[in-house]
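Only one chain is included here, represented as C-alpha cells and corresponding to the form predicted alone.
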Amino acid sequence: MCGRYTIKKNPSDYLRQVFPGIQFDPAFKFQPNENVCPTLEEPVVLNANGVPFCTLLRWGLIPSWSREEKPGTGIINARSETVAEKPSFKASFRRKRCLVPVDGFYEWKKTGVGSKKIPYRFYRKSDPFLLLAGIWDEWERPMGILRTFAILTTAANASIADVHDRMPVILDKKQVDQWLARNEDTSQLSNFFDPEKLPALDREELDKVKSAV
C-alpha cells in the first residue's frame, strides 16, 4: 500500500513543464510536508473541462453515493487489479482520474525482531517528482461538497519488493494525458499497471519518519 508520502518541494513549476496549459485553483497554496498522511488536503491534477487543473483534494476517497462521511481516513488506496470493478472505484476510474505529484513515498520493512520496522523513503534521483495515478470523487454533505482522492497501487517491482509487496502506480510523462482524458474506454489503461514497466526507484534508509504536520 501507499500510506505516507513526501512533498517537500512546490510542484507548480514542474507541472507547468509537463502540462504547458495547466491552470491552478486560485485557492491553491502549497505547504511542504515530509510526512503526508490520510485526511490531509494535498495537490492533485485533474481534468477540468478538458484542461489540466491543479487543486487541493483530501486524501481518503469517499464515493459520491456514500450516505454519510466514512469514519477515519476514507479509502486511501485502490488496487489497480480491481479498480475497474469495485463499486467504490469503478465510476471514478471511468470518469474522474487524477495525478498526485509527490517527491517520495515511505514504506516500512519488517526486521523479524518483534514489531520493529525500518522506514525507507523511495524517490528518483533523475526526476524531482513522481506522478502517481489516482482517482477522485465528490461527496455532497450539509456544509458543502467534499472532494477526495485515492492512490492506485500495484505489485512491487524489483526496486522495492524486498521492502514491501505493493507500490503506487507511477506514470511517465507520455502517459499522463491519456490518464487524465475523460475517455470512458479504460481498456488501454491496464498497461500502465504492469510493475515491470514502472520506473526503478532510488531509496534512503531512515532512522525514523518525522511526525505528520
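Predicted, not measured: the structure shown is a model, and the values here were computed from it. From 1 onward, residues are counted along the sequence shown.
Another form, the form predicted in complex with the DNA, is not on view; read the next lines as being about it.
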For the spot marked by 93, 105 and 128, is every residue within 4.5 Å of the DNA in the model of the complex through some heavy atom? no
Please check if residue 147 has a heavy atom lying within 4.5 Å of any heavy atom of the DNA in the model of the complex. no
Tell me, yes or no, whether residue 98 is in contact with the DNA in the model of the complex, where a contact means a heavy atom of each within 4.5 Å. no
Residue 162, heavy atom within 4.5 angstroms of the DNA in the model of the complex: no
Determine whether any heavy atom of residue 28 comes within 4.5 Å of a heavy atom of the DNA in the model of the complex, and answer yes or no. no
Heavy atom within 4.5 Å of the DNA in the model of the complex: which residues of 105-140 meet that condition, in order? 108, 110, 117
